[in-house]
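Laid out below as structure tokens are two forms of one and the same protein chain, each shown alone and named structure 1 and structure 2.
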Structure 1
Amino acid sequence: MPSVDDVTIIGGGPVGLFGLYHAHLRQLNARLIDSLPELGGQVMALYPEKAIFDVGGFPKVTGRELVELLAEQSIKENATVCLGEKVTDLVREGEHWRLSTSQGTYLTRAVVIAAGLGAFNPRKLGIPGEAELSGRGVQYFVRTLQALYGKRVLVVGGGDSAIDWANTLIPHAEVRVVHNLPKWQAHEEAVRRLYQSGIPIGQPWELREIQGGDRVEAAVIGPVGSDRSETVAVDEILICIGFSTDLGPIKGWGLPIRAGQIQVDWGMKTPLDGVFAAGDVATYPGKTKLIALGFGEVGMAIDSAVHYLFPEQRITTKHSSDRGF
């Protein structure tokens, strides 16, 4: 019979990684599984070079730095990390859960789902030239910030991601922003910094066409609702208008899902015995999607898992200073 883990964490983003740390704190044998080939989840896939400002203790930290520090903090001797494996099924077998993945099967006594938003794909504008020049100047997230230094960059969008990228690039590139709505969706302070920079801002303006040969050369932009247009020379176009998400196989596991999130109670418990959820994938009244909040949620999920695994024990709060790690 294969070995049985105490807890398996599905998802290798910041919340899943911090769950490994809590499992170590609780002296559980833990396994983390993620479908991506590297740790970090959405943070590493979408904005490894973008600064994050709302994690306690870090006035400013890039996504890559945060993931590296979390991995150093969380991956201990009693943890197993499986990357490039997509969990396809979750089935109860006696006292255990059997997880089927693209690489094999695992038995576990408890499960913590920290899968973020699930699989995600960038939303696209569907305008002339977009598909043809995708990957050749048209991009939807930044993998390497320095690749944009010294370039003429058009940022499309008005949410936090678009404005944060614009503000990050302004000292290093020739930046222009267009947003097709009359109101910004980004934080007020970020918008204030954008206007303070003095860069060209079109709002409500839209990107209508992307021109170029082997690479992007120009963009046709104009005011929403007007026939007036302007062609501007650009080297790179960063389209930040959101992502469509899909929980994939998780939707077939018998969990209560609302608006793409798993409903949990105050202890991060789902209606399935021994199955918990935390981070962006979990929802409850008053839920706010923040990395910092996800850290607290996954700690609660691990504590609930310990209570489930060892109901005879009195579960008390554990502090790292009590144990020396």
Structure 2
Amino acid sequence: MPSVDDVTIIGGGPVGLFGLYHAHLRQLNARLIDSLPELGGQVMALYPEKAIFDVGGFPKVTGRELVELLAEQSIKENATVCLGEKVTDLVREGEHWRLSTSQGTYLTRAVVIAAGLGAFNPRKLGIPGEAELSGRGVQYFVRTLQALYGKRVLVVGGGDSAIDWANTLIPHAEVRVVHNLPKWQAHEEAVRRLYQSGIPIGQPWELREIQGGDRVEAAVIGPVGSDRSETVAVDEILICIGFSTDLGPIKGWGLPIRAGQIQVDWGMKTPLDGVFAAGDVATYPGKTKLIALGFGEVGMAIDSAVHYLFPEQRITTKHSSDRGF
């Protein structure tokens, strides 16, 4: 029979990663599985270069730095990390759970679901040239800010993400913004800073076509509702018009799910034996979706898993400072 892990964590965002740390603290064999090719969940996929100010102990830390530090803190011996594997099925088999992924199957005694918002996909414009030049100048997430330095960047969108990226890039790149609605959806102060910068802003303007060969070369933009259009030379187009999320297969596992979140009790338990949830995917009265809160929740989820796995053991507080890790 294949080996059975003590606990499997579904999701390698900040919460799932910190769950690995707690599993180590409680001396459990743990496996973490994420469908994305890299760790960090929303933080790495959506805002790796943005500064985060509300994680205790870090006055200011970028998303990337936080994830790197979490990985250093959490991935120890007794932990296995499987990336690029989507968990598709969760089936009870006697005393354990069988997890099927896009790559294979794993047996585990307990499961912590830290799947965040589920798999997320950026919204697209569906205009000529967009699909063809995606990844070759057209991007939906900023992977490395420095890669855009010195470039002509067109930012598309009027929400927080679009305006934050435009403001962050303005000192380093030749930035232009188009937004197709008459109102901005971003924070007022951020919009004020955008206008103060003096960069070209089209509102309500739309991006109509992306032109190029091997890479993006130009963008055709124009005022909404008018035939007038301009072709502007650009190197990079950053499309920030939101993303859609989907829990996908998790919805079929018999869990109580409301508005994309799994309902849990005070110990982060779901009604399924040995299955717990933490982070953005979990909900209870008063829930907020924050990294710091998810860190506490996943500690509770792992403690509940220990109690489930070893009911005879009394679960006492473990101080990491006493244990030296």
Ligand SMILES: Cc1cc2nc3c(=O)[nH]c(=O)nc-3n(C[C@H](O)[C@H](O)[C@H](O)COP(=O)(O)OP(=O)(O)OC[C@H]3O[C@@H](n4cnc5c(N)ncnc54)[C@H](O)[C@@H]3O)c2cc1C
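Along the sequence of structure 1, residues get numbers from 1 upward. Note that the rigid core is defined as the largest set of C-alphas that superpose within 1.5 Å between two forms. What you are looking at is a predicted structure, and each value in this text was computed from that prediction instead of being measured.
Comparing the two isolated copies of the chain, the first one is the form predicted on its own. S161 is among the residues whose C-alpha shifts by 2 Å or more between the two structures once the rigid core is aligned. Core-superposed comparison between the two structures: CA of D227 displaced by 2 Å or more. Relative to the superposed core, E188 undergoes a Cα shift of 2 Å or more between the two structures. For G202, the Cα shift between the two structures is 9.5 Å when the rigid core is held fixed in the overlay. After superposing on the rigid core, the C-alpha of C240 is displaced by 4.2 Å between the two structures.
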